[in-house]
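Here you get one chain, nothing else, as structure tokens; it is the form predicted on its own.
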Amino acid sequence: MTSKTSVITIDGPAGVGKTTLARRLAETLDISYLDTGAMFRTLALRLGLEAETMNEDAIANACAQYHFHLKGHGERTQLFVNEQLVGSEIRTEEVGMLASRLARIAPLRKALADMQRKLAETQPLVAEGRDMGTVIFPNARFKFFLDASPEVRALRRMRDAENHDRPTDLAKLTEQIRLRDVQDRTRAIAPLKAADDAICIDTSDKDIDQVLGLMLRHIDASGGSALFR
């Protein structure tokens, strides 16, 4: 039997609360958290629209110019690319849509997958994304898949944008999330889906504390908390 890795995966579509929950869970367990979506967004922002027309060798060479590392634990975890802190500049819907399109490019996915696995080699992690439990860390000790209706997720995204002084239109945001869902769930390479052994949680009618409680109870019941503390 293949041994389990000291990784907790949280997968799910855009706007479901993965980042907040990954931060909170990592904080509770005092381990680092890995925002893989931020890695995709960072490369999307830096490579730009022209990445969609690059050949595979050019994409692979471009990705090789970037190196990620983590600092800190829990909610204080910071992601760096080429020694520069990744910030809020990647958190626009436009960058998210471009990242979703670039995620279909096999050499880019392979480059990021290698980087993500390397980050997990030296430290336990809470890793969140869209294929953490199915592709990147299939032997993760604990796997969660979060979901919620597009309308609920759009409303959450709108409130978050308003809190950061980025007003947005709810109807437009809902449509963008629906389109992103179609792109993520139907792509040929690593489509968004729950791992067979993942715990699935619908967060539509649950707040962050309720979902976090469900996760921690599952980890505790399986004797996992002692492994991460």
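Everything quoted here is computed from the prediction, not taken from an experiment. Numbers follow the displayed sequence, beginning with 1.
Note that the form predicted in complex with a small molecule isn't included here; everything after this is about it.
Engineer: Since the partner isn't included here, can you check whether the small molecule sits close to all of Val7, Gly74 and Pro124 in the predicted bound form (heavy atom within 4.5 Å for each)?
Structural biologist: Spot residues vs the small molecule: no contact at all.
Engineer: Work out which of Ala99, Val152, Leu146, Met115 lies within 4.5 Å of the small molecule in the predicted bound form, going by heavy atoms.
Structural biologist: For this set of options, the contacting one is Ala99.
Engineer: Just one of 46-54, 199-207, 177-185, 159-167 has heavy atoms within 4.5 Å of the small molecule in the predicted bound form; which?
Structural biologist: In short, 177-185.
Engineer: Any chance Leu173 has a heavy atom within 4.5 Å of the small molecule in the predicted bound form?
Structural biologist: Contact with the small molecule, no.
Engineer: Since only the chain is shown here, I'm wondering whether Phe68 would be in contact with the small molecule in the predicted bound form (any heavy atom pair within 4.5 Å).
Structural biologist: Contact with the small molecule, no.
Engineer: Examine Ala103 and determine whether its closest non-hydrogen atom to the small molecule in the predicted bound form is within 4.5 angstroms.
Structural biologist: Ala103 belongs to the contact set for the small molecule.
Engineer: Within 4.5 Å, heavy atoms only: does Ala38 come near the small molecule in the predicted bound form?
Structural biologist: Ala38 belongs to the contact set for the small molecule.
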